[in-house]
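For reference, the chain that follows is the form predicted on its own, supplied as structure tokens.
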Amino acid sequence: MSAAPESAGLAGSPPPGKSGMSDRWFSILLIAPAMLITLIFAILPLIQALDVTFRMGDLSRGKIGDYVGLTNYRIVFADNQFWQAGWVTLKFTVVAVGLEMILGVAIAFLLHGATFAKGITRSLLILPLATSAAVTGLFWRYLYDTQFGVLNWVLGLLGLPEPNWLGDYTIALWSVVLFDIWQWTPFVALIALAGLQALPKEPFEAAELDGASKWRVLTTLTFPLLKPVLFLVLVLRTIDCVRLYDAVAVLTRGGPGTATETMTFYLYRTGLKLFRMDYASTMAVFFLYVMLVAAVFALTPLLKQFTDRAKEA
């Protein structure tokens, strides 16, 4: 009779040779490498950047100087060129993201209803995303060339005006927008297509039995169900456009004048060409603060919606 409790105790004890580490310490051990990398490459540089914003940081003098309080913030906020770069960034982001969302969703609906060559088309859409903006930007720079560019050659054959795409102050920014649309519209289309394919079929079958029109199904079922996916893509693309650098660096270098100088390019020029790391760090910290606040306000409704759905489930 006494053998039963002993066998039960042996069954409940950890197997021989196994570690007695708890789940908590095991989870900490798993995330420790990622946290260490984040600390070294993100947290510590951020702390150093915050420290530089309160110092004299003219690298042409060879070192980071003494503390100057809020002087750098006052100088940056009074810099008209800084706000001009912010205005250029805002215009670029609104136009580029807006057109990418419209074209991307339209392409997603076309692919969703396609009956053939859907796989090949999806593969082709990945091509603009498979190459970095620095490489594709060089190709587009030659396409925009006023002497031997393909675009002006085609326009010349049609008898149309041949603009100076990257040298005209009035259209240089929109030339960069066109390049960004070409590269990132496929991203929006592929994510929207994945969202369409993941939608439940039962509501659409019920609407079809009730005789609902396509427009009513689109406005009352498709877009409301697709809203979280589209909103997430909108946030991601907005963040990506606000920190645009590589396309501007390859295509226009911020010119002509400052027509295409975004905030990140102005930050680069201030810190790494004029060697004013104090001003550049101040811009970067302010830029990070604005993006964090905007992201919190943008993602809060989406996270609340996910939480409500989880509670209902």
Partner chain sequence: MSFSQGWDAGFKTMLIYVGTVFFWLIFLERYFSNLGLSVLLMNVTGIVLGLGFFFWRRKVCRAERAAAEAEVALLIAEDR
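Numbering follows the first chain given and starts at 1. Just so it is clear, the structure is predicted and the values come from calculations on it, not from any experiment.
From this point on, the text means the form predicted together with the partner chain, which you will not see here.
S.K.: Which residue, F223, F231, F204, W83, has a heavy atom that falls within 4.5 Å of the partner chain in the model of the complex?
M.R.: Checked against the cut-off, the match is W83.
S.K.: Taking the partner chain in the model of the complex as the reference, which of K91, R74, H112, R216 has a non-hydrogen atom within 4.5 Å?
M.R.: Selected residue: R74.
S.K.: Indicate whether Y289 is a 4.5 Å heavy atom neighbour of the partner chain in the model of the complex.
M.R.: Taking the distances in the model of the complex, the answer for Y289 is yes, it comes within 4.5 Å of the partner chain.
S.K.: So, in the model of the complex, is V296 in contact with the partner chain at a 4.5 angstroms heavy atom limit?
M.R.: It does: once the partner chain is placed as it appears in the model of the complex, V296 has a heavy atom within 4.5 Å of it.
S.K.: Would L70 count as a contact of the partner chain in the model of the complex, using a 4.5 angstroms cut-off between non-hydrogen atoms?
M.R.: Yes, L70 is a contact residue.
S.K.: So which of 207-215, 161-169, 95-103, 74-82 is the stretch with heavy atoms within 4.5 Å of the partner chain in the model of the complex?
M.R.: It is 74-82 that comes within 4.5 Å of the partner.
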